[in-house]
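In the block that follows, a single chain appears as structure tokens, in the form predicted alone.
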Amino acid sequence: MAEFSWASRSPLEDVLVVGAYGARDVEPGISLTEVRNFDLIQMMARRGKWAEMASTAKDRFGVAAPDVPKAVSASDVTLIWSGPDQFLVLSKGGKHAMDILSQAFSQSASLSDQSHARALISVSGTKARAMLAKLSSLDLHPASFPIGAAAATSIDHTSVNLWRGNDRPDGQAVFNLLVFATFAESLWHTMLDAAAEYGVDIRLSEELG
């Protein structure tokens, strides 16, 4: 019998080139960073079990599970609202991986491992809102979309989970988005086209923001 060996790879492996892109005669107004090698678990409360799931989540993660469109973070995990009675668990290092959470939430939730099914892209820079405004109908003004705000929305007709993380040390806002792996390459090209006029700094990271 033939033996198969599966090696995970980023859906952006063939298209992401670290370095400058677009306008070169200006300071880059956009930073696009792909974050790789993370754990991502979709949590959905079973019928009538939201309160039980939320209680277990508070004990497990040390923060209240989001029941409205927002993202909440503890030292080693971010919980991202993804719809009524459901959220995503984003982490690294295996502490909140599927095999562990499936035991903790066995009585209250259905879980799905999305770690290799999504790409995680971070957008920041002085022109981040201007670029995203070309592709999204969301109002990303700080008054409407503050730190911790989240949405299950679309970017140029591609479904994404979008949330605002903590600002960079220079005060620039950071927008994180998770996109299904199947659509990641297409969305990446779309964002590059939208960002090119501002100048783009493309990076890779192994660290969650």
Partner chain sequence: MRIVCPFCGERELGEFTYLGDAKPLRPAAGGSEDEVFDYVYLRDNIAGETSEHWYHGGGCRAWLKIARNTLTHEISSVEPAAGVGQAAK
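Positions refer to the first chain, counted from 1. All values derive from a computational prediction rather than experimental measurement.
One more form of this protein, predicted together with its partner chain, exists but is not displayed; see below.
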Quick check: do Pro66, Ser73 and Gly148 each get a heavy atom within 4.5 Å of its partner chain in the predicted complex? no
Under a 4.5 Å heavy atom criterion, is Ala181 part of the interface with its partner chain in the predicted complex? no
Please tell me whether any heavy atom belonging to Ser137 falls inside 4.5 Å of a heavy atom of its partner chain, as the geometry stands in the predicted complex. yes
Heavy atoms within 4.5 Å of its partner chain in the predicted complex: does Trp81 have any? yes
Even though its partner chain is not shown here, does Ser159 get within 4.5 Å of it in the predicted complex, heavy atoms only? yes
Can you tell me which of 57-65, 31-39, 169-177, 151-159 lies within 4.5 Å of its partner chain in the predicted complex, counting heavy atoms only? 151-159
